[in-house]
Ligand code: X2X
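Have a look below at one chain only, the form predicted on its own, in structure tokens format.
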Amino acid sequence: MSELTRRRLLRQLAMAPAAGLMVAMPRLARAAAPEFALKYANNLPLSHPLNIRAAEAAARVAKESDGRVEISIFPNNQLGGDTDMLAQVRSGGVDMFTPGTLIIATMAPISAVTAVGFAFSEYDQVWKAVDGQLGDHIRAAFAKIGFRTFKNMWDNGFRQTTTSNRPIGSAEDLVGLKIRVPVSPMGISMFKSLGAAPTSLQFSEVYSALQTKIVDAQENPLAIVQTAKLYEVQKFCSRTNHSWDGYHFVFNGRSWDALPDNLKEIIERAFNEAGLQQRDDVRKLNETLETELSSKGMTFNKAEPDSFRAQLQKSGFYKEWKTKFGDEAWGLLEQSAGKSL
């Protein structure tokens, strides 16, 4: 993604009305109302690579459909918190949503299998899992609850731990730590198993909870720490890489079924290809973020995974979640991760 393109898109997003970004349609199509007006909601700031690439994809859909499809983007929790948006996309109030793996797991628990603590150590393992048989297994579960899911997941990144009071170097450093986790059984279970005191909050509440010391820590990928300005209320960032998180691009099933096949092809192709570009954007961004966040006052340290993994084994975390997910899904996870958990 060129800097010029990034700046242009950021200007477009910044000038978007409060009600959501209305992606411009081709000049010849503007006189007529779109045949299909779709609403896409997410919880991320305008500057995040997801919103930049989603805006490009939406503009491409408008152009390739000759103005028949118009996608309005509602970023940064404009339509509510994660659980609110998830309920809206299920009911049809929102057509498209990009929930993280832990958020959508509240409706389709199998989604959280890719977020199992310390399962993946590198991106090659992640993409093998979510683009392959494990991803197909998860997408089949989404279909059963009325969601159409695009093939290519979008990247959120490996999750890191930030704190206001102390760096995290080993599992012992987490004992008693008041940490925000997503509204997700997996997040609560993992950090309880590591001895921390997790609190579930929607992402829209994270900054204020850290600012007012309701919690002392949170865990998110570095791109979130940067774009949500969490460095303003956190001092330490420990590279724990404790789980990987991505975004499923989900579509309300009834909204999807109402589209003609040729428009489905246009939308799916645009967002799948944009998803691959967004993955590369996040990879490149992560290569620079430690330096950038350090310049804003954050102190970084690297945590070794062995003590965390040993504590999760000792606490029965892996055994519990293997039982919940089932042998088939767990086997596919271990196959992709290249290790027994």
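What you are looking at is a predicted structure, and each value in this text was computed from that prediction instead of being measured. Residues carry their position along the shown sequence, with the first being 1.
Heads up, the form predicted together with the ligand isn't pictured, but that's what we're talking about next.
Although the partner is absent here, residue 50 sits far enough away that none of its heavy atoms falls within 4.5 Å of the ligand in the model of the complex. Interface membership of residue 259, defined by any non-hydrogen atom within 4.5 Å of the ligand in the model of the complex, is ruled out. The ligand is not drawn, but in the model of the complex it has no heavy atom within 4.5 Å of residue 142. Among heavy atoms of residue 220, some come within 4.5 Å of the ligand in the model of the complex. Residues within 4.5 angstroms of the ligand in the model of the complex, judged by any non-hydrogen atom, belong to 37-45 and to none of the other stretches in 37-45, 56-64, 302-310, 270-278. At a distance of at most 4.5 angstroms from the ligand in the model of the complex, all three residues 159, 180 and 245 contribute at least one non-hydrogen atom. Among the residues 150, 74, 203, 127, the one placing a heavy atom within 4.5 Å of the ligand in the model of the complex is 203.
Contact annotation: of the candidates 96, 116, 105, 224, the single residue with a non-hydrogen atom within 4.5 angstroms of the ligand in the model of the complex is 224.
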